[in-house]
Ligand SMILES: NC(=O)c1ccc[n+]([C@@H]2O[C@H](COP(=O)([O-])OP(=O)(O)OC[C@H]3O[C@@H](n4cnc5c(N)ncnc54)[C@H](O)[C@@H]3O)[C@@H](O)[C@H]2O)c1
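Shown next as structure tokens: one chain only, the form predicted alone.
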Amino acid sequence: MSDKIKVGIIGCGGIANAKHLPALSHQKNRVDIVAFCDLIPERAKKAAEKYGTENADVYTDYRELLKDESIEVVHVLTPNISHCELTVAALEAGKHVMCEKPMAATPADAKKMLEARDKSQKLLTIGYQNRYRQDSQVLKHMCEAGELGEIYYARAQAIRRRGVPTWGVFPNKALQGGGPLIDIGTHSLDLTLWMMNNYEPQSVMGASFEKLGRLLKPGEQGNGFSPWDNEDYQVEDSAFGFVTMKNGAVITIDASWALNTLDVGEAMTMLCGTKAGADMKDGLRINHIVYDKQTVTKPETATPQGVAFFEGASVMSAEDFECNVWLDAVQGKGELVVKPEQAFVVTQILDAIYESARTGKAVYFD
């Protein structure tokens, strides 16, 4: 590998410009972004002008980008349904791949990605950046140290009262595979499984609702973003799951873009163990018993104090730290934090919730 990693970007939309490109640009000492691909050529050209090398290439066909043998790393930042095709192609072309969450729209697609990773012997990771937050790092430390004891109940929460995304293709089921469950529920479920270090589901029950998105018209939506087009709204407003793990632990999953509730919060987990519990409702809160008294402890996570779970975490944003860990792994300086095998289980559970909601029956795993 050369002194500077040559990176190609496939998908130059919202998540590229909000997260990946700024984070990569903060790594200029070891990264050159040399190629940009998007179906909308103007979008790729704009990204190249802002973040690319002087002679960065611009493409509308990802296959042309992958022909560039100098590119060592590819970031796949496209709608969910295309993650598999693009990731498999990039791995087969000999590139390391950072794929944005979720891993894929279906478990079958996610499995193809794992198989391509194995065959290529290249690195593959998924963009679950919430693992790198300060509160997540502290809580993971505590879980690994056994301070919560055996975690037997957890809640993965991704609830918006009114937060339907009105840009990109989010309400398009054919391109996204679903709505809030696969969009934001995936982050909360990933956090929860990671904290529990439990990736063995036994059964899933799920329910989803289409009560608001297709019915509420502009002027009666109260959306936090611009009004959505209810006629083009093709996905669920909310979805809920109940997961039983093989060791007997249970996880509930709540996800919504539009729900009449004040109990809101995203990318959050609540954990209940035999020694203590934890949640992220008002910062990180640990509930435990001290000298026979019910006690709540709130570790300071808003400022760079204490021991970081990963080196450098106390001074980096979650996005920058995710990028730093990824590039370290590519250069052989560290291990992946988000392993695709873990992301595969997240996709399996999300798909099972949708399947259970559709059939009204439980989904069982082997």
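Note that residue numbering begins at 1 and tracks the sequence as displayed. This is a predicted model, so every value here is computed, not measured.
Although it is not shown, the form predicted in complex with the named molecule is what the next lines describe.
Enquirer: Should F170 be counted as a contact of the named molecule in the predicted complex, where contact means heavy atoms within 4.5 Å?
Expert: Looking in the predicted complex, residue contacts with the named molecule include F170, since a heavy atom lies within 4.5 Å.
Enquirer: Using a 4.5 angstroms cut-off on non-hydrogen atoms, would L77 count as touching the named molecule in the predicted complex?
Expert: L77: yes, in contact with the named molecule in the predicted complex.
Enquirer: Give a yes/no on whether I15 approaches the named molecule to within 4.5 Å in the predicted complex, heavy atoms considered.
Expert: Flag for I15 set to yes.
Enquirer: Taking any heavy atom pair closer than or equal to 4.5 Å as contact, tell me whether H83 reaches the named molecule in the predicted complex.
Expert: Because a heavy atom of H83 falls inside 4.5 Å of the named molecule in the predicted complex, the answer is yes.
Enquirer: Any idea which of 293-301, 49-57, 36-44, 329-337 reaches within 4.5 Å of the named molecule in the predicted complex, heavy atoms considered?
Expert: Of the options, only 36-44 has residues within 4.5 Å of the partner.
Enquirer: Within 4.5 Å of the named molecule in the predicted complex, heavy atoms considered, which of P102, G178, G206, G213?
Expert: By the 4.5 Å criterion, the partner-contacting residue is P102.
Enquirer: Note which of T125, Q134, T192, Q129 lies within 4.5 Å of the named molecule in the predicted complex, where distance is taken over heavy atoms; exactly one does.
Expert: It is Q129 that has a heavy atom within 4.5 Å of the partner.
Enquirer: Which residues, if any, of 178-213 lie within 4.5 Å of the named molecule in the predicted complex when only heavy atoms count?
Expert: In sequence order, D183, H187 come within 4.5 Å of the partner.
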